[in-house]
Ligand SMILES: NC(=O)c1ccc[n+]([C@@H]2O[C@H](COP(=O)([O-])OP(=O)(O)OC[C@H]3O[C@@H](n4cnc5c(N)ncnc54)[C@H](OP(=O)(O)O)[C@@H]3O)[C@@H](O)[C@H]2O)c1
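Here's a solo chain for you in structure tokens, the form predicted alone.
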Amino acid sequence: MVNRYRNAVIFGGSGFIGRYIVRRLAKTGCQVVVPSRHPGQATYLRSAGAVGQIVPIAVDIHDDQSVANAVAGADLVINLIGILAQSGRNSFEAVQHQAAARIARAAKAAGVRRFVQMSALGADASSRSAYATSKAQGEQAVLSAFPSATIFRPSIVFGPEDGFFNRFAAMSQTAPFLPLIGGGNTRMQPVYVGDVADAIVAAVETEGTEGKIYELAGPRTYTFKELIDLTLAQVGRPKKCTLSLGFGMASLLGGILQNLPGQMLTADQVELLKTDNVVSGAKPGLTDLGVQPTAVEVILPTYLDKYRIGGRFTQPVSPAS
């Protein structure tokens, strides 16, 4: 891999997707700075590079000067910061719109060569979902400040540390059933986290990707129900352990649960599930960056086995059970 950058700054680098990108960029030999509210929680990343190569630092993404200090001297900035639920001052508007704009402005002012913004499939300024609206506004703000930015819109990202399959697998250990919101008919194209990281690194290492929007998805489309069934099969529970829950009831339930610790479900997440999370076909994707998408069925057994009834070395049940 060619070392095109000396100093990379990755906002959200200690998160689920970020750790994979940090490791890949460290292999190119560049210095990687990981700004974080809690830099102590990012120290585990240091082992992914040489001594002193990966540097966690403190940053307040709501403060112009703090962000400017973080990107000073960088030639590559990647913004992966995102939230699935709002809490306190970390609203969708503040984190996924205003903070994205602030980081892009600071990067441009600092003379950064390349900027990458992580968005999401379904980003839509006219959506009834505050999450989807803020993602779209974040894209627009980034491109306004940094027109050559490269934007990525992944579907649900899966991998050992994900918050989708792990959540439902954990729930299956104690809950009598798993909810199929909207009947489980929403279509999705889960994309492997390693493929997302490979795509981002390929984009910043390749000329001609500037200013483009990429839609990242796996090789197959599933319904929400099919993904829940795959999860149940891996943990050794039959498919009958599900319960269909209409959007109206789910929204009411989300309105209650979003105010409780953990925010297991929010009304906005229910709103998101009303729209399919699949590629449009109008934008370039993984294969355009030389990345072959990995199937869910290949990866799930490598990390959901820890939730399996009887232990990880028992055989999973057939998806047809």
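Since this is a predicted model, take the numbers as computed values, not measurements. So that there is no doubt, residue numbering starts at 1 and follows the sequence shown.
The protein also exists as the form predicted in complex with this ligand; that form is not presented, and the subsequent description refers to it.
Asks: Residues in which of 201-209, 105-113, 170-178, 152-160 have heavy atoms within 4.5 Å of this ligand in the model of the complex?
Replies: The contacting stretch is 152-160.
Asks: State yes or no: in the model of the complex, is some non-hydrogen atom of Lys274 no more than 4.5 angstroms from a non-hydrogen atom of this ligand?
Replies: Close contact is absent here: in the model of the complex, Lys274 is far from this ligand, nothing within 4.5 Å, heavy atoms only.
Asks: When the contact criterion is heavy atoms within 4.5 Å, does His62 count as touching this ligand in the model of the complex?
Replies: Output for His62 is yes: heavy atoms within 4.5 Å of this ligand.
Asks: Within 4.5 Å, heavy atoms only: does Ala130 come near this ligand in the model of the complex?
Replies: No, Ala130 is distant from the partner.
Asks: I'd like to check something about Asn166: if you look in the model of the complex, is any of its heavy atoms closer than or equal to 4.5 Å to a heavy atom of this ligand?
Replies: So Asn166 does not count as contacting this ligand.
Asks: Exactly one residue in Ala217, Met118, Ala250, Val71 has a non-hydrogen atom within 4.5 Å of this ligand in the model of the complex; which is it?
Replies: In short, Met118.
Asks: Could you tell me which one of Val95, Ala233, Ala136, Leu143 places a heavy atom within 4.5 Å of this ligand in the model of the complex?
Replies: None of the other options qualify; the answer is Val95.
Asks: In the model of the complex, which residues of 78-106 put a heavy atom within 4.5 Å of this ligand?
Replies: Going through 78-106 in order - heavy atoms within 4.5 Å of this ligand in the model of the complex - the hits are Leu80, Ile81, Gly82, Ile83, Asn90, Val95, Gln96.
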